[in-house]
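One chain follows as structure tokens, the form predicted alone.
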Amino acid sequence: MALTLVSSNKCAGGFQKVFEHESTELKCKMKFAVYLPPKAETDKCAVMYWLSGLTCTEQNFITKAGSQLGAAEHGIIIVAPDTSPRGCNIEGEDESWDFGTGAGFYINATQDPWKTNYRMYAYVTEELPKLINANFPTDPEKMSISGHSMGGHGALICALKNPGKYKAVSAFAPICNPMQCPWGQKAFSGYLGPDRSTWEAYDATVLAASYSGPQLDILIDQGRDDQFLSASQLLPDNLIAVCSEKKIPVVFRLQPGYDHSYFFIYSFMNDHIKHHAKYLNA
């Protein structure tokens, strides 16, 4: 599992790095970003995984979210993978911004021609953590997950599908009920096929309804002026209703005036890192 260093920049006393590797799950070269806080020079650190949204690469989060100061303060390694396989030469992979390249949706595809490469769920939950734990000073027992939009959906399903694996979960403007929104329906029908019962395994609202595991405290921030909230792509109310019924603790904050952008994420990133630190450093 050789890693190739793509870039390294000193940041907040630690180092923001980007690596490339050959992924066995995705059958292509993948990049991921890793922030190593000052603590990592002498000690093992907990790891927070960040999953980005549609069209993003590993770059958006590390250049726009301002996560490094909080990660340095709390001694947390942050790992930010790409959002899909790249350069697989699959017909149609670059035709639309919300399907194919940059839009892996953090699921394991079952349909041709996507099923060989589009296995982001397995990559994020299995291959990547093994790679990170083998190459960086991590505490493998202490991991958490967060993300934005499509990545917020990814973070929620990873936590709900793997009780106890992630010590904390949070999300910014997540796609909460993809089976019921246009983005999710397009992605799921393409990657998973027409049988909607197979979609349920990757829908946070459905997964929350059957969750049984250790208590999971969920933090969600949502901009009230988010155009995708008003377009019914995100549907947080559906998830919150299920969580309150199932007694899954959710702090849901509707933030007036904020949109769907990284300006919104930057504004509340520190709160999210504190939320993760509370459980990771307990």
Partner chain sequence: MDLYEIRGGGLGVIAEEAELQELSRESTAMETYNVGSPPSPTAAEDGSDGEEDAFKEGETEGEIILIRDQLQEKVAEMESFAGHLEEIFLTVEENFGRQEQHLEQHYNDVLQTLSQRQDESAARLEEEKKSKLEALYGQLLACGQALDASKELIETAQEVYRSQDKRLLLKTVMPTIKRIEEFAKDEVDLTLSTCLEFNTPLADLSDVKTMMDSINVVPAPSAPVINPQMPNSATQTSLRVCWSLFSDDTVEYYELYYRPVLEDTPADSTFTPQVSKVTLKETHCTVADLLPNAQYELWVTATNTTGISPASEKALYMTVPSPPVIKQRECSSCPEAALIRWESGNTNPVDSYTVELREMGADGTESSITESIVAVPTCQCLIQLQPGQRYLISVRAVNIGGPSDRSEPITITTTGTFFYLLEDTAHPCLSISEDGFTIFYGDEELPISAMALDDNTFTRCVAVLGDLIPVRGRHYWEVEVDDGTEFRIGVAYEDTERNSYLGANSTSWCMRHILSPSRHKYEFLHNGWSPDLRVTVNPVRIGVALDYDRGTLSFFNVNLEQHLHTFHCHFQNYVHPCFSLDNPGALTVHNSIEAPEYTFI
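Numbering follows the first chain given and starts at 1. As the structure is a computational prediction, the values presented were derived from the model and not from experiment.
Not on display, but discussed next: the form predicted together with its partner chain.
Stretch 238-246 is the contacting one of 23-31, 238-246, 56-64, 36-44, since its residues have non-hydrogen atoms within 4.5 Å of its partner chain in the model of the complex. A residue is said to contact a partner when one of its heavy atoms sits within 4.5 Å of a partner heavy atom; residue 225 fails this definition for its partner chain in the model of the complex, lying far away. The closest heavy atom approach of residue 230 to its partner chain in the model of the complex falls outside 4.5 Å.
Shown alone here, residue 257 lies farther than 4.5 Å from its partner chain in the model of the complex, counting heavy atoms only. Residue contact check for residue 167: none of its heavy atoms lie within 4.5 Å of its partner chain in the model of the complex. Taken together, 115, 179 and 186 are entirely out of contact with its partner chain in the model of the complex: none brings a heavy atom within 4.5 Å. In the model of the complex, its partner chain lies within 4.5 angstroms of at least one heavy atom of each of the following residues of 261-282: 274, 278, 279, in sequence order.
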